[in-house]
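Form predicted on its own, single chain, as structure tokens, below.
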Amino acid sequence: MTAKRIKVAYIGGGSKNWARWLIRDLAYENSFFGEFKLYDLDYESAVDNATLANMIYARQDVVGKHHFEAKQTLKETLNGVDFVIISILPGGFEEMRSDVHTPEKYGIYQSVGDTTGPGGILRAMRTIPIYKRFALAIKEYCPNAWVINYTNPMSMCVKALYEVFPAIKALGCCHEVFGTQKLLAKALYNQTGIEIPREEVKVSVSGINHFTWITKAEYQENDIFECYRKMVEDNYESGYDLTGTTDLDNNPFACLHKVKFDLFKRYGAIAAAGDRHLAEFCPGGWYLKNPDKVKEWKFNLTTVDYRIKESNALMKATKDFITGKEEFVLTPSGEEGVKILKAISGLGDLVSNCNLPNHGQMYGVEEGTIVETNAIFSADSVKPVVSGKLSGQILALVNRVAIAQTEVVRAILDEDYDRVFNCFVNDPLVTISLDQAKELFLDMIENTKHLIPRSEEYLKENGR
């Protein structure tokens, strides 16, 4: 049987991490032949990724035979493609440093700072104008392509694409639910001795990106929800080490799931994201009051210095792979990007979580809001699945942020930063006075003003 041919544009194709995961997963895939065009402001990194990928697919032990090529313009990248993958870093690490660490001067701590909170909103102010350009380019060069977004702030990026090009076929993909499925699989094993991969844990997913909730979890006739309830009862105080090797002191991405357990005890549904993300959607005094409080809840604040160190190591590794100093070891990433490409290409159906505009799949959230639920992926189709109803208590938490995300996107597109500030000051993490909040907002804009349209004018209007 001849492999199906698909054409894919990768915006952000110089990615240090996501691109490498995609390259790995494609090495196992021979049901389609992919032509991947990589576009990145850092053209050299895109060339390096293309070189690495083509080296791997030339190996005799690799079944996937795909072709990667770096491109220098959006037009030549997008023209005539079937899929567009977007995975970018809006700005650099100094801008990220401002997002994450400037609020600390005002006593506001963020464990991630790229989705919600002050950091998420300022990151959106840089990202949404870029996504406007992407949406217009997609409309011009490949209007029927499926667009798969990985960039944060996920919900706001996807919303911007639809605001600018309403007919776009875009979705947002995130792996956070997968980690909770692994935890649920472990809960099932602990109670029944049944060992299954996380993909076999059937869940009903409902919420917004990085603040998703599971209202039902099953494996065949087994109610995993009750197994999880027992896990929470037994491990609420200590937390739970899923891998048995968690090193909280040296791994800034690690957690012992205590925030998840606490939210379950409060609300009776399973919070389905990493604790670092979940904490940022809750009032600042709960889990992020200060670094000592974070330690009590057994997760970490991820510093930008660590991210810089990690990025440098990944860049060096890519060069070492290309020059033969180090062997590229092929291991599946656990992501579902390749499965999604297959399913939409008509090579088998898939059920997974993704981010789409709400058209009735999530109860209690305004029409058009970007929500995260399960969806059925099939030939040229992504159909959201109606999710389980969240309680009014959870919806109150979710809607506070969901409504703000929609308004932030529209305000940024209008370049109306007073409206953005009104959402900024209403964020659950912004627990300071109005005057302090305005100073923080202006500080953060000033730090990244070269990447925010009309920022100089706005700063002058506010006495800066």
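Just count from 1 along the sequence shown to find any residue number. As the structure is a computational prediction, the values presented were derived from the model and not from experiment.
Missing here is the form predicted in complex with another copy of the chain; even so, the following discussion is about that form.
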- Go through 305 to 313, 78 to 86, 125 to 133, 210 to 218 and give me the stretch that gets within 4.5 Å of another copy of the chain in the predicted complex, heavy atoms only. 210 to 218
- in the predicted complex, the one of L74, V164, I376, L330 near another copy of the chain [non-hydrogen atom within 4.5 angstroms]: I376
- Query: Considering another copy of the chain in the predicted complex, which of E439, E29, E407, E69 comes within 4.5 Å of it through any heavy atom?
  - Reply: E407
- Query: Heavy atoms within 4.5 Å of another copy of the chain in the predicted complex: does R266 have any?
  - Reply: yes
- Message: Considering non-hydrogen atoms and a 4.5 Å limit, does another copy of the chain approach F93 in the predicted complex?
- Response: no
- Query: Quick one: is K460 in contact with another copy of the chain in the predicted complex, heavy atoms, 4.5 Å cut-off?
  - Reply: no
- Message: Can you tell me whether N190 touches another copy of the chain? I mean in the predicted complex, with a 4.5 angstroms heavy atom cut-off.
- Response: no
- Note on the structure: Near another copy of the chain in the predicted complex, with a heavy atom at 4.5 Å or closer, the residues from 283 to 307 are P283, G285, W286, Y287, K289, K293, W297
